[in-house]
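One chain comes next, on its own, written as structure tokens: the form predicted alone.
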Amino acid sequence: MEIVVASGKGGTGKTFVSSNLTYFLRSLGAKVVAVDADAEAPDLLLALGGASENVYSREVYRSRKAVIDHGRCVSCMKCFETCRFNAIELSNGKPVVVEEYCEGCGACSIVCPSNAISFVVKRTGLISCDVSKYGIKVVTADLEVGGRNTGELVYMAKEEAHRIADSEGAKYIVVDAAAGIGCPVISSLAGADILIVVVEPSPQSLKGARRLLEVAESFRTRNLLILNKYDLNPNFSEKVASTLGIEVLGKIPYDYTIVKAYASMTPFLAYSSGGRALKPLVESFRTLYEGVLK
């Protein structure tokens, strides 16, 4: 069963929920594989205590980049006019490719009358599998700095997680998605069974959650809600629940102990034996496990 933890905006507590959910399932004796699908800023492994063992790391070369042969180029500027990613600039009257923006879509080569444009394959990023301090296998998608193709990298990371789960008999895969509704989030949702939307009591977070749920409609996931830091604005929290209209797993209060747990690279459930957020968080996960996952 694949569980995706996502949010419409950053900073809502998405990685906090996904790391502690993974730890909770593990503490019940369930076999679980975690996936860090936030390829531009992966930190799930850190939230789970860091790596105690690197199982493997594999470089991924899948990003196509356009190359212009200026010996053939006639400076007609059709490639410049056609590119919708602003990946071609003019320099001294000649078109020049900006690799950081190039998606490798091929439109420029199609319109080029002199066949001056070809493509090279560049490094997309890294997919690694590590065993965390708590014995949990974490597959991480790590995008090349300034790179593109996050969606494909996330999809490949999820494939690796499913392969590991199949070989080891793991029942659950927990995916920590990127914030927003971009390509990596869409790849995270593809094939998922459950979507847990993490929302904080702010208008921006509510707006982002509504957009995320609109995207999720195409994937037919079962959608659940966790209200994080709800007590910072209790009245608005009630508005969130009624506006989104999905099942609420739980309401987690703000707790500074969570910050301390993060700073020590420890899941909150392993760090704290008390604290305001401990009981509500465990109850939320128990509701999920007994009502949905069993």
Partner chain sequence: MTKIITVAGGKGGTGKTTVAVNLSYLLSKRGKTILVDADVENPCVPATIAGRIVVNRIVEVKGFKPVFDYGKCVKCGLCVEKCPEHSLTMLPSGRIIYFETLCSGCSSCMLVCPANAISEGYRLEGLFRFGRALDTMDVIVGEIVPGNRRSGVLIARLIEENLENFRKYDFVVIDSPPGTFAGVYSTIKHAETILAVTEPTPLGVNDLRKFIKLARKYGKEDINVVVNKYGIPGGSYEEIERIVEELGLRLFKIPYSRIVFDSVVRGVLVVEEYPESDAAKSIERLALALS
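Residue numbers count along the first chain shown, from 1. Owing to the predicted nature of the structure, the values given are computational and were not obtained by experimental measurement.
Omitted from view is the form predicted together with the partner chain, to which the following refers.
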Kindly indicate whether 51, 60 and 171 are, all three, within 4.5 angstroms of the partner chain in the predicted bound form, using heavy atoms.
no
I need the one stretch from 69-77, 82-90, 163-171, 131-139 whose residues put non-hydrogen atoms within 4.5 angstroms of the partner chain in the predicted bound form.
82-90
Would residue 194 show up as a contact with the partner chain in the predicted bound form if we use heavy atoms at 4.5 Å?
no
Evaluate residue 259 for contact with the partner chain in the predicted bound form, applying a 4.5 angstroms cut-off between non-hydrogen atoms, and reply yes or no.
yes
Is residue 46 near the partner chain? Define near as a heavy atom within 4.5 Å, in the predicted bound form.
yes
Does the partner chain come within 4.5 Å of any heavy atom of residue 267 in the predicted bound form?
no
Members of 240-255 lying within 4.5 angstroms of the partner chain, judged by heavy atom, in the predicted bound form
254
